[in-house]
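In structure tokens, the next block holds one chain alone, the form predicted on its own.
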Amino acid sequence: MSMIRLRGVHKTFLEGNRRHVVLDGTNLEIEAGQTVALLGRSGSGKSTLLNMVSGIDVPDAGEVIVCNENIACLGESARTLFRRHHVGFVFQFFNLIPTLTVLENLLLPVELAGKLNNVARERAADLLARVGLADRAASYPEQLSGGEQQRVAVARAVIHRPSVLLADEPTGNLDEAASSAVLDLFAELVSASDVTLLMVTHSREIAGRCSRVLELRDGVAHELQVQGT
């Protein structure tokens, strides 16, 4: 079953007096449960594509179908609600709220979705244990290392059991050991939750850990061969 499908997606941005074409009739299809890495040079439109799939942004033309819903046709409020229920997002810079504890950050998605209850609290405790931070629930983000903060961010992205998990350079600010731990965590949580993962990365080595690799060139997604297949 197709979980993410882009059909003829166009997106341009104004740069001074000229229009910069970022996505130029992009077509893309990702099946449920697949792990897909998205490569491309800086400015090629990788983050823009993630923003389309999450509903943060909409295309100038084309369809963006996620979980059988053409979210490009939805208004901003409807896209926000869709994202809260169906999409998890992991950012390069963690995006944890500094005034909230680890547990409060983790519970934020379910609270915003109006689903904060004892079941959600139990899941939060389980996720913290699985990411090795059971004893840091009352800590604040500034008290954690970069790798620990990203582990919290990954747990937060899956607490509401999304169908789609998006990650934008999730290891870009981590050292090699922390990066490896976060990637192992992705693999574990994706496998356990049967979630579809689309991850932007600049690293072909990291991309090789995914089941599919795409490269965005000239506004079009090209399939690359995964090493060893």
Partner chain sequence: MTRYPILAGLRFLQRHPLHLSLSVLAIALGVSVVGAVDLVNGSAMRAFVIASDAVAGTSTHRIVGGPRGVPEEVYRRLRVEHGIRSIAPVVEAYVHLAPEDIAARTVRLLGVDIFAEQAFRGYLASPRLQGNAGALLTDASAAALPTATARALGLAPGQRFAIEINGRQHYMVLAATFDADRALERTALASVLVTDIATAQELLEMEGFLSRIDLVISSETGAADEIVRLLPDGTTLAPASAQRQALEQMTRAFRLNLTALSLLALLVGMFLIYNAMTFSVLQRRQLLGMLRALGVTRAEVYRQVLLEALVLGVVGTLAGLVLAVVLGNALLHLVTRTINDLYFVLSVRELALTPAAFAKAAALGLGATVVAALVPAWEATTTPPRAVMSRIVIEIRQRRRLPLQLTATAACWVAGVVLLSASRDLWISFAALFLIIAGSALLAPAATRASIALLQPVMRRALGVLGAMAARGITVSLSRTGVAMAALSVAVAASVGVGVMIQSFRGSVADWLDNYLRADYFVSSAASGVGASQRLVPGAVLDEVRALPGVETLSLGRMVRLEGTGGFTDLFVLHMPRKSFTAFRLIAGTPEAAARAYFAGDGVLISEPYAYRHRLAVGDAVVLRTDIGDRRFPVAGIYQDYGSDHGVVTMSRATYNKHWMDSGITSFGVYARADAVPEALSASLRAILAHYDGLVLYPNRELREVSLAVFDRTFTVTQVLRLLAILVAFVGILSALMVIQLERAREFAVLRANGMTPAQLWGLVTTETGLMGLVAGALAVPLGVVLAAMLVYVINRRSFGWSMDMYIDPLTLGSALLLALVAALMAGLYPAWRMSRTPAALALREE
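Bear in mind that the values here come from a model prediction, so they are computed numbers and not experimental data. Residue numbers count along the first chain shown, from 1.
Keep in mind that the form predicted together with its partner chain is missing from the display, and what follows is about it.
With the partner left out here, check for me: in the predicted bound form, does some heavy atom of D126 sit within 4.5 Å of its partner chain? Because no heavy atom of D126 falls inside 4.5 Å of its partner chain in the predicted bound form, the answer is no.
With heavy atoms only and a cut-off of 4.5 Å, decide whether I56 touches its partner chain in the predicted bound form. Looking in the predicted bound form, residue contacts with its partner chain include I56, since a heavy atom lies within 4.5 Å.
So, in the predicted bound form, is R151 in contact with its partner chain at a 4.5 angstroms heavy atom limit? Answer no; every heavy atom of R151 is more than 4.5 Å from its partner chain in the predicted bound form.
With the partner left out here, check for me: in the predicted bound form, does some heavy atom of V119 sit within 4.5 Å of its partner chain? It does not: once its partner chain is placed as it appears in the predicted bound form, V119 has no heavy atom within 4.5 Å of it.
Should the three residues S77, N95 and L108 be counted as contacting its partner chain in the predicted bound form, with contact defined as a heavy atom within 4.5 Å for each? Looking in the predicted bound form, the three residues S77, N95 and L108 all sit within 4.5 Å of its partner chain (heavy atoms).
Neighbours of its partner chain in the predicted bound form among 134 to 156 [non-hydrogen atom within 4.5 angstroms]: Heavy-atom contacts within 4.5 Å come from Y140, E142, R156.
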